[in-house]
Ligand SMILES: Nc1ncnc2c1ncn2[C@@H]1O[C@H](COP(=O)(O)OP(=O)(O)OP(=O)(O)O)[C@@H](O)[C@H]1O
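In the form predicted on its own, a lone chain appears below as structure tokens.
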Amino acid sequence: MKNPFVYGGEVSGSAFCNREKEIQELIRDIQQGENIIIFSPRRYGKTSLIKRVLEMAGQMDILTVYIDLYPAITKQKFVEVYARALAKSIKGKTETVYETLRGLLPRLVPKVVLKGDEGPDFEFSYDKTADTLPLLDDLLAAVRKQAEKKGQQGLVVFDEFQEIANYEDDEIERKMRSIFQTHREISYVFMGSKKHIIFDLFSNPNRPFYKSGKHFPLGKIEKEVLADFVSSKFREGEIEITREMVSEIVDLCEAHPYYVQFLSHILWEEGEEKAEIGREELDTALQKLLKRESGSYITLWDTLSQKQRQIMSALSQEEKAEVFSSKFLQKYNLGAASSLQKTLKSLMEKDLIEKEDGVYVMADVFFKRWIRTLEG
């Protein structure tokens, strides 16, 4: 049997773990035409979740468009990425798609590109020296026009939406807000993993998207649900493992979906031949995981300043401590609380720490364990 635990990319099919409550809520909101802001730390499975939702929405005859903005580093790239995503959403023969695109995007010239077995794709040419606003008018209205033509509701997902905060101005934000707020039959989903940027985009009164959607923080999967998932996969592979050990796996990974899959993947490799997993296999798997990740951890550690390393080291020992208390500052020789605030902010911008329920926590479960090994 193929290793059922998948990590490092999108998870689908039987490898996808639950999220039934979240899926039901999202589908209900989408049917109501509500705009949704989904945010969580990286590797929590946002993209895998929304891909499942998109699949279900498509089965309900909802027009779906998925736009990954990670490569859209400029406003011009935004136009190109959006247009290609729109092209992929249109069903039919290549000639039909071509004509539909010409009607929806009169200022862009589509060109069919063949890419091996993937079938035809589209690229677009336009005057890159001209004002982008007319292009945006066409693009941002296109899904609504196509949905109305087909008599459908629409769902548009922007993954890594925080990328637009890097543009030289807020032209795209303003244009999106002014057009989207008139689209009652289209649900727009904005996803991001940089919580502080996403929060600013939608909660800052000075930003165009202020209070323009329902906040949907994606948390960890419940421990019992994760344990049931892990147990069932080992059982299907006829590999013996106790429920107590499965619970320990989930606890070691702090119920982080990515690391539960990662550690379980290695454990499967360790236990497949003997058809059982015991303490020795778990200890070996933990060491293998840290070894596999150590290269990236070393590189990351080398980029940190001495003060940043001190804070990360302190948080690896007492993650939910009161970091501004004199006791904590003195114990880890962190200096004045005023200087600590700036360093904490820089670590949050690097996605190395997060703030949960008023306390600072490390984002990467096993980076924390790796840092502890440095202490001897």
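All residue numbers are counted from 1 along the displayed sequence. Owing to the predicted nature of the structure, the values given are computational and were not obtained by experimental measurement.
Just so it is clear, the following notes concern the form predicted in complex with the named molecule, a form of the same protein that is not shown.
- For E354, no non-hydrogen atom is located within 4.5 Å of the named molecule in the predicted complex, even though that partner is not displayed.
- Interface membership of V6, defined by any non-hydrogen atom within 4.5 Å of the named molecule in the predicted complex, is confirmed.
- Proximity of E10 to the named molecule in the predicted complex falls within the 4.5 Å heavy atom cutoff.
- Shown alone here, Q261 lies within 4.5 Å of the named molecule in the predicted complex, counting heavy atoms only.
- The three residues F16, R19 and R43 all sit with a heavy atom within 4.5 Å of the named molecule in the predicted complex.
- Across the options 29 to 37, 43 to 51, 321 to 329, 304 to 312, residues that bring heavy atoms within 4.5 Å of the named molecule in the predicted complex belong to 43 to 51.
- Residue S193 is the only one of Q146, T132, S89, S193 with a heavy atom lying within 4.5 Å of the named molecule in the predicted complex.
- Only one of E160, E80, E281, E293 comes within 4.5 Å of the named molecule in the predicted complex through a heavy atom, and that residue is E160.
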